[in-house]
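For reference, the chain that follows is the form predicted on its own, supplied as structure tokens.
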């Protein structure tokens, strides 16, 4: 008489453990902290004591106070400008990468990815040293005679935040566009050329429509990253470069009002999810139009 095979073999136990971890880890490290933030947003602070009585006071304060909503809208506009700038400068770079052949393509791609491996703070310090009063930009403009004295146009204000975020997030715009361009079948470009289409016509009627999903993904990605960034405005924004991220940071720091900071974070999370959903919807539409070419 044969003995019954064990129900839980080592390999099945390993698969079961990995599958369980795949479900539990996101819950522990993502959903649980978000849920905690959301619950905290309904609490309040009296003095230094946390009051756990549920209230909508924090959300009402965001819409009623004359400071927070304008700063939030100004930050959203700033992040849209950052997304626009990164697309404007990132698309030509991604296109150049896509048309290159052989080892040059991957060498250039590696050079573009190197900044992502560097410390975020070091990169901000480097950009600030270029844009600062005694930085390279001012010294160059003084040397060429464009200005007579150091300009503070690009330091400790929103212009500095805009430029710094655009430089820092540029690789995040280049990569999705590059991948989108790489997926375009070469036979479509060759067919356009065989039918008499010029280089510009091929780009306008074939390359650009088919790369729009990557452009939309890049814009959504950059917008979301810029919206949640508080370190860059903190280091290069100064008093006039106040953004929504700095407000949230101050609530968890100097203000010691965690419930209000949690409410502002929840509002920010909702906007981020909306941006992702809208970006995905427009990306799918662009992909559907591109597939019909």
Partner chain sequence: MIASRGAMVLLACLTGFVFLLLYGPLLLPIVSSLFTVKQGLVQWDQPTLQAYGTLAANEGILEALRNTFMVGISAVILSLVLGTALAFYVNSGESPGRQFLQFLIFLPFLLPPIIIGLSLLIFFREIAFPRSLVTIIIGHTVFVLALVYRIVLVRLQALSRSLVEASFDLGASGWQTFRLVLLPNLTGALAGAAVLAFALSFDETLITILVTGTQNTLPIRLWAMMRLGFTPDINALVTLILAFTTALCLLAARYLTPRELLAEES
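Residue numbers count along the first chain shown, from 1. Quick caveat, the model's predicted, so the values are computed rather than measured. C-alpha atoms forming the largest set that superposes within 1.5 Å between two forms make up the rigid core.
Unshown form predicted together with the partner chain; subsequent notes refer to it.
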Hey, in the model of the complex, is residue 159 touching the partner chain, heavy atoms inside 4.5 Å? no
My question is simply whether residue 127 lines the interface with the partner chain in the model of the complex - judged by any non-hydrogen atom within 4.5 Å. yes
Quick one: is residue 72 in contact with the partner chain in the model of the complex, heavy atoms, 4.5 Å cut-off? no
Residue 183, heavy atom within 4.5 angstroms of the partner chain in the model of the complex: yes
So in the model of the complex, are 59, 67 and 255 all sitting within 4.5 Å of the partner chain, heavy atoms only? no
Using heavy atoms only and a 4.5 Å cut-off, determine which of 96, 153, 205, 147 is in contact with the partner chain in the model of the complex. 96
Scan 35-59 and write down, in order along the chain, each residue with a heavy atom lying within 4.5 Å of the partner chain in the model of the complex. 36, 37, 40, 50, 52
Given a core-based superposition, decide whether the C-alpha of residue 26 shifts by 2 Å or more between this form and the one not shown. yes
